[in-house]
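Heads up, the chain shows up twice below as structure tokens, two forms, tagged structure 1 and structure 2.
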Structure 1
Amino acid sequence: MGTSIDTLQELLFDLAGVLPADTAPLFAMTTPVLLETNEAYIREEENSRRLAFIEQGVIRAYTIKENGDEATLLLRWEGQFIASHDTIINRQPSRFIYRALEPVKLLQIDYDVLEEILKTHPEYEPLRNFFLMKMLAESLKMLESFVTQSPEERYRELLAERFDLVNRVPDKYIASMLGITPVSLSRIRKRMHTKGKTST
């Protein structure tokens, strides 16, 4: 548990410098959570306002369309935060399912408890703003990528950010997140492989 807290504390200091000197009240409300492969973290229509730092593993957020097909919204992995935008920002039930694709280790904060802590420790307000702005920035980046980038560009960006995901996440989930079919993803990979050969 100490290692998890040190990791999260170091990350927050590095990214935002938002934590005051006394972190005891904040970390007293964190709880470690372990998820097994295929276990749901947040279910569709759930109102739970959980916010978690991923120490290990990959989580997929997806929805099931009327025709039964699954549409992947996002993937989150080590060193990132996972939460339902619906429950935390919009204060409405989650429209998506958040499920572990492999064993996952989380450090979780109940967002409602965080808001209660803020009543007696207003010095943590920048931390809440940090979480909210990070979630909004991720949503905007995802939206902009679909407008300004091709599927191949989005795939290249994913590889640059986390190359090992291609060996940890099934192709159909990656393709769905990119807004293409697994066949199209295969073509992109083949094209990239061919380009790589000709450039060497």
Structure 2
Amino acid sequence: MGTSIDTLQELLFDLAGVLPADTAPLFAMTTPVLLETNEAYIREEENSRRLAFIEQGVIRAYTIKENGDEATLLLRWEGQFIASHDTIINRQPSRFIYRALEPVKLLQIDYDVLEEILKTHPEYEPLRNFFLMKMLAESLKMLESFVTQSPEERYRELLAERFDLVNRVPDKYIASMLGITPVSLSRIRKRMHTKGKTST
């Protein structure tokens, strides 16, 4: 059973040829964190520049709309990073809330500390680039789905690509992430059952 550190060390080796033995300075500054179901990792208006690798569990990033409704921006799960992009990229208080949907295990580091480490250990730099690019690619892919597909098509694709995730997460959050209401998602599912079971 691999730990976060194992995973990240492997990644660092693959990306930059950094041997696990040479990653001590990086991992010395990380802290393990546990969240219980429904616990907030980052709250609205918070300014902390924490960055975490998810070892286990699912975290939901959402915002509260003017009318009081929640809107889920994205879900992150094991093997991904989670951080307040408002705070890290724009140095603004987080407009989003990051909350565990399940018990979560994190490996955490402060972004400013990470930056210091990167100054003295530029060999870790590929790790940052890798995750930035990965997140950018993911965001663009989601964006693409909004301009090319209908809500039903987006849902079908999500089912096809992340069936496990859809089953771990309440439908209402999935709906919100697809840009529709839970009622609408329910109707889509009904349509899918009756009519075309075939697809994508």
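For the two forms, the rigid core is made up of the largest set of C-alpha atoms that agree within 1.5 Å on superposition. From a predicted model like this one, the values you see are computed outputs, not experimental measurements. All residue numbers here refer to structure 1's sequence, counted from 1.
Any idea which of the pair is the form predicted on its own?
It is the first structure (the form predicted on its own) rather than the second.
I'd like to know, for the two rigid parts the chain moves as between the two structures, whether Y111 shares its part with K134.
Answer is no, each lies in a different rigid part.
Would you pull out the angle in degrees that the smaller rigid body rotates by relative to the larger one between the two structures?
Smaller part versus larger part, rotated 13 degrees.
Cα shift of L140 between the two structures after core superposition, in Å?
Rounded to one decimal, the shift is 3.8 Å.
What does the CA of P126 shift by between the two structures after fitting on the core? Give it in Å to one decimal.
On core superposition, this C-alpha lies 4.6 Å from its counterpart.
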